[in-house]
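In the block that follows, a single chain appears as structure tokens, in the form predicted on its own.
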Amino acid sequence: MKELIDKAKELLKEKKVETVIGYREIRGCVVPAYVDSPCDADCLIFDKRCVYNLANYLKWFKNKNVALVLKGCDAKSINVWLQEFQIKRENIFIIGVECYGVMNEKSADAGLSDKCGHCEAHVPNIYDAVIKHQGDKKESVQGEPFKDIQEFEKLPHDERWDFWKKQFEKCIKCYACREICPMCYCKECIVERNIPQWIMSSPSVKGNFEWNMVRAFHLAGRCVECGECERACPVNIPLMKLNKKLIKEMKELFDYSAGQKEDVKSAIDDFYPEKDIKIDDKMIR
């Protein structure tokens, strides 16, 4: 993508940023790339194989001027970071890329990722420059975005319990979901505290439930649906099913979706004493 390469060279040559974080291909695989000089920018690419949410790498570049290549779903992470005062907007140059879906790495036919089915964020809602899509443009599938969650909610309690028990029994506590998630940026995670110990560190049914439920609740009102946690899970736990349940609740209770705007408070950082909320057909204040 000549436009992307030219923009990266311009930013580095004029010293507007120290590093451009984008994608490159190595031996047929697309991986994140750190570009520090204009002459190295020719390696940058963008296509449906660029699955990584590069906003996650800001954890290591908080105090530096960097440029990030971001898809629409990934760019929402920046808005959450800004809401939570983790970065300064002036330190980040966002090269938005128009995107119409990335591949599902775990699918045999390499079709589009499930997260792309109802995605409407083809162009990032926050950017400093936009690289237009150069291939075929496929619109999102219309319909109820939470249909799968609604169907799951209709199942009897015992069936839902058995489903998650079976899923969480597979967890090996590798914490790949935590490491890949841009919203997990704490210097010390709750699972690493042992005085007192809040969550069992060894894999077990109880400890696995504790970890996965705490992780999900810490993402309530913050998950931007980039799907990286589920993609990185080596045992294929459907983590986005759990995340989407909380996303659905935040939308219905507070009419809030994470990462939509940079200049609004997050749902968990605001308070409306005059607003009534409906839970189980009862109005509460």
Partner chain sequence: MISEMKKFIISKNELKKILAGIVAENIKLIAPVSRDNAFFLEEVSDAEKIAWDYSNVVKPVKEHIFPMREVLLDFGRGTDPPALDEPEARSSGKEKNPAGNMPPVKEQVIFGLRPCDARSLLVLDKPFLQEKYVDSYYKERREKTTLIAMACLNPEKTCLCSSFENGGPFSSAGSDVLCVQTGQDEFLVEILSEKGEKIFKNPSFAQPSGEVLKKLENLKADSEAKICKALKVPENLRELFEAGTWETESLSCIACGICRYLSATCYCFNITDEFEQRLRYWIPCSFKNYTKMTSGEISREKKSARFKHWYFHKFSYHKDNFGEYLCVGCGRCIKYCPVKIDFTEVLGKIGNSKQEQ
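Numbering follows the first chain given and starts at 1. Everything quoted here is computed from the prediction, not taken from an experiment.
FYI, the form predicted in complex with the partner chain isn't displayed, but the following is about it.
Report whether all of I45, Y100 and E230 sit within 4.5 Å of the partner chain in the predicted complex, measuring from non-hydrogen atoms. Per the other structure, none of I45, Y100 and E230 touch the partner chain.
Q.
Can you tell me which of 204-212, 126-134, 113-121, 70-78 lies within 4.5 Å of the partner chain in the predicted complex, counting heavy atoms only?
A. Looking at the other structure, the answer is 204-212.
Requested in this report: Classify N236 as contacting or not contacting the partner chain in the predicted complex by the rule of any non-hydrogen atom within 4.5 angstroms, answering yes or no.
Outcome: Because a heavy atom of N236 falls inside 4.5 Å of the partner chain in the predicted complex, the answer is yes.
Does any heavy atom of P38 come within 4.5 Å of a heavy atom of the partner chain in the predicted complex? Contact check for P38: no, nothing within 4.5 Å of the partner chain in the predicted complex.
Exercise. Is F93 a contact residue for the partner chain in the predicted complex, using a 4.5 Å heavy atom cut-off?
Worked result: So F93 does not count as contacting the partner chain.
_How about E105 - does it come within 4.5 Å of the partner chain in the predicted complex, if we only consider non-hydrogen atoms?_
Yes - in the predicted complex, heavy atoms of E105 and the partner chain come within 4.5 Å of each other.
Go through 153-184 residue by residue and record those having a heavy atom within 4.5 Å of the partner chain in the predicted complex; state none if no residue qualifies. If the 4.5 Å heavy-atom criterion is applied to the partner chain in the predicted complex, 153-184 yields K166, Q167, E169, K170, C171, I172, K173, C174, Y175, A176, R178, E179, I180.
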